[in-house]
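A single chain comes next, written as structure tokens; it is the form predicted alone.
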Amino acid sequence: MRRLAMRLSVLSAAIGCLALLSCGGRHEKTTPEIVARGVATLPGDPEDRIWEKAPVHVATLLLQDMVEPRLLEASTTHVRIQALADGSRLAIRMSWDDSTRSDLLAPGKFGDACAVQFPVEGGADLPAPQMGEEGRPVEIAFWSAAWQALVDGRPRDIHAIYPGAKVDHYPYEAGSLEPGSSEQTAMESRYAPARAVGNPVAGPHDRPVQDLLAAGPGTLTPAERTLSDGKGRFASASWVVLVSRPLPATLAHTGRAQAAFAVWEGGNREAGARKMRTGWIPISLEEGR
């Protein structure tokens, strides 16, 4: 059954590739699987010109109709994927169309995001691409547009969400407390409980990517350390995101592995399990380079 699912996934990706090529008069050479080109130094920017020569794989995104909360109407349909490797790390560039930039989280507002996933252990018998299985975990690098905005300098205060808001008084901003003092920090923790208990979602964020582990839907947990990094840019109604992570062990040892991808469109109120996703897609290190 898993082999059949993998074949269908590859066939679906190929169909998606042909569909994209047939619309809009775009002529772009694409590959049936992801090919990571070897380079001496990985770029830190998704718009670095080195990406112009990297092979492109166009993946069809599928509805998340397996677990609640499901997404039963398609939003983002395709994601363009490129990869580069320097022998120790893997850089993956994802780009997709999005008519609305959503990078501000607030009540009733959801952020754009994407993720790349690898099985912890490789081989022919892979775990389910829906975030793995019990005893067969997957590694996920999750990029958030909202975290990217904070890394790029957006203030972490209520005025970023509601520019017209008037704050009468926050105890930890009281004039009697010296900014940065232990008293001011202690007061801030009291009135910002998520930060006080170390909730990684609350930040602070020094990077827009978080490493996660999962062994099936509902089991997502932060990795002990985040070794991935990334950078995203929004322009001309599309996102382009670079995610860099350590080279997956299976890919490093055999030159081949499988990866899966997900995209969340915040403007469509997508969050958590409500996302567009792929099945497993083969990824290989380019031979002879």
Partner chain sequence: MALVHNWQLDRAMSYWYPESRPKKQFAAVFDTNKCIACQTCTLACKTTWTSGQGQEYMLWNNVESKPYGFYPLGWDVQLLERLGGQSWSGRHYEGRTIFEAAGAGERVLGWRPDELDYAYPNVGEDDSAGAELQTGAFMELPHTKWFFYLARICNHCTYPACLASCPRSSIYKRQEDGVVLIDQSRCRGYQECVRACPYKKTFFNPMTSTSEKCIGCFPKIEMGQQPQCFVNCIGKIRHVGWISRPEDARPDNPVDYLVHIRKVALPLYPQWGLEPNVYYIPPVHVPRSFLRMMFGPGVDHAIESYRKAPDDPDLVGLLSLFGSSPQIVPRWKRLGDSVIGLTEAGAEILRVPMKEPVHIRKAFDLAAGVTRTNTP
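Everything quoted here is computed from the prediction, not taken from an experiment. Positions refer to the first chain, counted from 1.
What follows is about the form predicted in complex with its partner chain, which we do not show.
- Of the candidate stretches 92-100, 178-186, 108-116, 78-86, only 108-116 has residues with heavy atoms within 4.5 Å of its partner chain in the predicted complex.
- The candidate spot formed by 68, 194 and 271 is fully in contact with its partner chain in the predicted complex: every one of the three has a heavy atom within 4.5 Å.
- Contact between residue 157 and its partner chain in the predicted complex is found at the 4.5 Å heavy atom cutoff.
- In the predicted complex, residue 124 stays away from its partner chain, with no heavy atom inside 4.5 Å.
- Its partner chain in the predicted complex comes within 4.5 Å of no heavy atom belonging to residue 130.
- Residue 161 belongs to the set of residues with a heavy atom inside 4.5 Å of its partner chain in the predicted complex.
- Only one of 252, 50, 240, 220 lies close to its partner chain in the predicted complex, with a heavy atom inside 4.5 Å, and it is 220.
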